[in-house]
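Just one chain is shown here, as structure tokens, and it is the form predicted on its own.
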């Protein structure tokens, strides 16, 4: 069983084969995703919402990310693992490097992901110069938003379109090896995917990116805070049906005696 590498992901892009990504936070689901053929597992700070039950990702700590990354790494030996850098974990270059080193390496993730704004450019350059593989996150940035009411498609206007394309080219030039686009208008996402040589993974950004990523709990229809509007039509809930069947059979057991 060969470990999936960034070289393999680049080959999938080149050959126009979709890259499948999903989040995981523990060993059991990581193994399940690997056995199902998923290419990339993201240990996402979305755990703040779907695991911890918080309203956003802001309270997720480095300790949380280290713990869940270790669990996922135990469960998956083949998938390419990307770990989120949580909010306020990369305010300075030195802090970013110390924290990134805690998430990657032996028995941990292969890459870290940062929600990148203008003020983070120097930090990203510093990480890459210090041999830290980086996945950039553009579009909607949950760590920057105080309310989900502020979620909206990015890239609809000419200005937003041009800004996103320029930012994408810049992060590739800096040496980022993956890009995630969240809630980017599909036409803008298409342009970015076409003009970059690195794989572009979309979430709520249309179906023309090199791959897609989903929060696992959204896929299963069991997310604590509900499922994103753009995804509701795809929900199937085998877990819900299995548990309901278990409950009904258990409650009927005594009646059979």
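Numbering follows the first chain given and starts at 1. This one's a predicted model, so the numbers in the text were calculated from it and none came from an experiment.
Same protein, other form: the form predicted together with 3-methyl-2-oxobutanoic acid, not shown, and the subject of what follows.
A.B. asks: Only one of 44 to 52, 219 to 227, 186 to 194, 26 to 34 has heavy atoms within 4.5 Å of 3-methyl-2-oxobutanoic acid in the model of the complex; I'd like to know which.
C.D. replies: Going by heavy atoms within 4.5 Å, the stretch is 44 to 52.
A.B. asks: Answer yes if any heavy atom of residue 198 is within 4.5 Å of a heavy atom of 3-methyl-2-oxobutanoic acid in the model of the complex; otherwise answer no.
C.D. replies: No, residue 198 is distant from the partner.
A.B. asks: Is residue 203 a contact residue for 3-methyl-2-oxobutanoic acid in the model of the complex, using a 4.5 Å heavy atom cut-off?
C.D. replies: Yes - in the model of the complex, heavy atoms of residue 203 and 3-methyl-2-oxobutanoic acid come within 4.5 Å of each other.
A.B. asks: Using heavy atoms and a 4.5 Å limit, would one call residue 213 a contact residue for 3-methyl-2-oxobutanoic acid in the model of the complex?
C.D. replies: Output for residue 213 is yes: heavy atoms within 4.5 Å of 3-methyl-2-oxobutanoic acid.
A.B. asks: Taking the shortest heavy atom distance, is residue 172 within 4.5 Å of 3-methyl-2-oxobutanoic acid in the model of the complex?
C.D. replies: Looking in the model of the complex, residue contacts with 3-methyl-2-oxobutanoic acid do not include residue 172, since no heavy atom lies within 4.5 Å.
A.B. asks: Find the only residue in 100, 114, 180, 82 having a heavy atom within 4.5 Å of 3-methyl-2-oxobutanoic acid in the model of the complex.
C.D. replies: Exactly one residue meets the criterion: 180.
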